[in-house]
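Encoded as structure tokens, the following chain is the form predicted on its own, with no partner shown.
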Amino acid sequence: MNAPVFSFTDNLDMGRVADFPILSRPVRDKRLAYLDNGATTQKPQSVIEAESKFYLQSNANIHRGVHWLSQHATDLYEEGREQVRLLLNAANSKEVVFTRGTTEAINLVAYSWGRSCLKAGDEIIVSGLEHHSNIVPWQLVCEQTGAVLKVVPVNEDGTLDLSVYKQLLGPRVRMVAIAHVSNALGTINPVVEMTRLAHAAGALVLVDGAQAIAHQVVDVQEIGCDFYAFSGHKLYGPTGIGALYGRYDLLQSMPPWQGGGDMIRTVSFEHTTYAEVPQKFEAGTPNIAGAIGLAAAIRYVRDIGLDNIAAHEHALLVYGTEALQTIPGLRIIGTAPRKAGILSFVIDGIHPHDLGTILDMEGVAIRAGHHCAMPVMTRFGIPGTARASLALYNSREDIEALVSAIGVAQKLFGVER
């Protein structure tokens, strides 16, 4: 390819690629260029070993056993909670609830807080950039309570229309639920300002941090949000584990949303009393190994430094943006001034699904479709996009492989370059 004129400096020791065993395997006899990190990130050896070591040396159920293995497993699990607290700069580890991921964390708030606090005519604000996981739970709660969903519109460049947001913040708004970073476009929303405005109007704020947590420093005290949700598998950790940060006083006031073992204090047929936060929201045997793997992933990114990761990915984003803009017929969807490492685009004459299939034959892994953000696609009048999403192990070589593979696709479809 003809690389764009850009002074690129690797901000990371790219030897880190060697930390991820899967990146050394070929795909379809090609070098793997893994650019589907918005869907899930690959796992470093340290995370894989942490989970394996737990099952090999420490496996037991937690919190309820008096024997050594149970107490040891409990300590490892609770150390995972402390690692999440450190990552988010939460004030107290009791403000961290383990969940299966962002989706379950948002559902927890929607069902526990929403069903107990909302009434007919109350309003919930979401944005036009949201993942379905931050739309559907609120719609379900609105159907059950009579609350009303309001939507902040999206500008042509993929930013939110904050003037409309301010107008929507009326006296009936109870919750604002917004993405920190758009999974479909990469837009970084001004969550600090939006939280401040929401609080001034008397509303609570939940931030969906799924696409932010691995790519920048997240400080829930600086943001000021009431809830923050993320998934471990987008943070180089295991699948099936994530966390909800919630202000302690709010979590204390919310009823349980699932019943079972470990979330109770006493049980009788007449009455049940519940455990303290956060156990109140962690019914049953949790994903113990997942929490331990997540702790290893957090240590990994904190060791590198999230500021360093953000700088590296931003440099790659600039490089990739300039490279894609040299391709005739290609249009980038989402050109916000503040973006995370997501390149979402369409190409004249090639459906995104077809493009994704051809790129796969060239060893380039991207995501194609609506990205669980169908309202975004409707806003831009397209069925979907091709999405290349970046991580700390990506390089200019991956961008060059992407551009080269797009050229192959255009030749196959007879599209002139």
Ligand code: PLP
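Counting begins at 1, following the sequence as shown. Model, not experiment: these values are computed from the prediction.
Not on display, but discussed next: the form predicted together with the ligand.
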Problem set entry | Distance check, G101 to the ligand in the predicted bound form, heavy atom within 4.5 Å | yes
Problem set entry | K234, heavy atom within 4.5 angstroms of the ligand in the predicted bound form | yes
Exercise. Is there any non-hydrogen atom of V97 lying within 4.5 Å of the ligand in the predicted bound form?
Worked result: no
Exercise. Even though the ligand is not shown here, does H131 get within 4.5 Å of it in the predicted bound form, heavy atoms only?
Worked result: yes
Problem set entry | Single option in V181, V218, L169, I288 placed near the ligand in the predicted bound form, where near means a heavy atom within 4.5 Å | V181
For this session: Consider the chain as shown here, without its partner, and state which of C225, L294, A210, V176 has a heavy atom within 4.5 Å of the ligand in the predicted bound form.
Result: A210
Exercise. Can you say which of 72-80, 255-263, 311-319, 101-109 gets within 4.5 Å of the ligand in the predicted bound form, counting heavy atoms only?
Worked result: 101-109
